[in-house]
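In the form predicted alone, a lone chain appears below as structure tokens.
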């Protein structure tokens, strides 16, 4: 070995030194490094478990949010339907009131027309009586006394009352 430039004493010393160094490193570094790696592996595992729990909670919260969103949608649709129904009822009430008001106006107009017709007929009778009396005075040539005048007017009014009923035929 000497020929190769290796001294056996030096080689044995170096091997012993290497073994001592391995024992010291094993005692001082290997176990702490293994413990540190084990601790790190445990922390990573815990972090992964925590991440899974957070993911599961997020999925649960997402489901809850979607359930509440759907419930809110249903409530909104129900409220919109109720509002539409109330609006329809209000529209019907307004239409019914408008129909009733129109009916009342038509009735009032009919009553007004009937009143005007009766008034016109009464005015016409009065005018016919007046003209008849004038014509009668001219034909007779003299004024009638008050008693004869009243009798003539009463007879004429009785005859005039029968004329519009027969002449209008229910108008």
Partner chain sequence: MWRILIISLIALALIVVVRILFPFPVSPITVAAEPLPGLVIPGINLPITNSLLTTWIAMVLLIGFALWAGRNLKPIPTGKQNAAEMLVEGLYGLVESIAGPKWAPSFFPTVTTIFLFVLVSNWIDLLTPILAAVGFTEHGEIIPILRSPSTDLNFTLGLALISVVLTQYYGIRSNGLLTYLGRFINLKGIVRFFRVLTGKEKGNAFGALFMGLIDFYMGLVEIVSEVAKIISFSFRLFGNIFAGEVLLLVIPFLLSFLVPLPFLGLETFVGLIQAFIFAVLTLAFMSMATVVHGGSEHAERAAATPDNVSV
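Owing to the predicted nature of the structure, the values given are computational and were not obtained by experimental measurement. Positions refer to the first chain, counted from 1.
There is another form of this protein, the form predicted in complex with the partner chain, and it is not shown here; the text below is about that form.
A.B. asks: In the model of the complex, does residue 152 come within 4.5 Å of the partner chain, counting heavy atoms only?
C.D. replies: Looking in the model of the complex, residue contacts with the partner chain do not include residue 152, since no heavy atom lies within 4.5 Å.
A.B. asks: Can residue 158 be called a contact residue for the partner chain in the model of the complex at 4.5 Å between heavy atoms?
C.D. replies: No, residue 158 stays farther than 4.5 Å from the partner chain in the model of the complex.
A.B. asks: Indicate whether the partner chain has at least one heavy atom within 4.5 Å of a heavy atom of residue 162 in the model of the complex.
C.D. replies: Heavy-atom contact with the partner chain at 4.5 Å: absent for residue 162.
A.B. asks: Is there a heavy atom of residue 36 lying 4.5 Å or less from a heavy atom of the partner chain in the model of the complex?
C.D. replies: Yes, residue 36 sits close enough to the partner chain in the model of the complex that at least one of its heavy atoms falls within 4.5 Å.
A.B. asks: State the residue from 40, 55, 63, 130 whose non-hydrogen atoms include one within 4.5 Å of the partner chain in the model of the complex.
C.D. replies: In short, 40.
A.B. asks: Within 4.5 Å, heavy atoms only, one stretch in 22 to 30, 118 to 126, 64 to 72, 46 to 54 touches the partner chain in the model of the complex. Which?
C.D. replies: Stretch with heavy atoms near the partner: 22 to 30.
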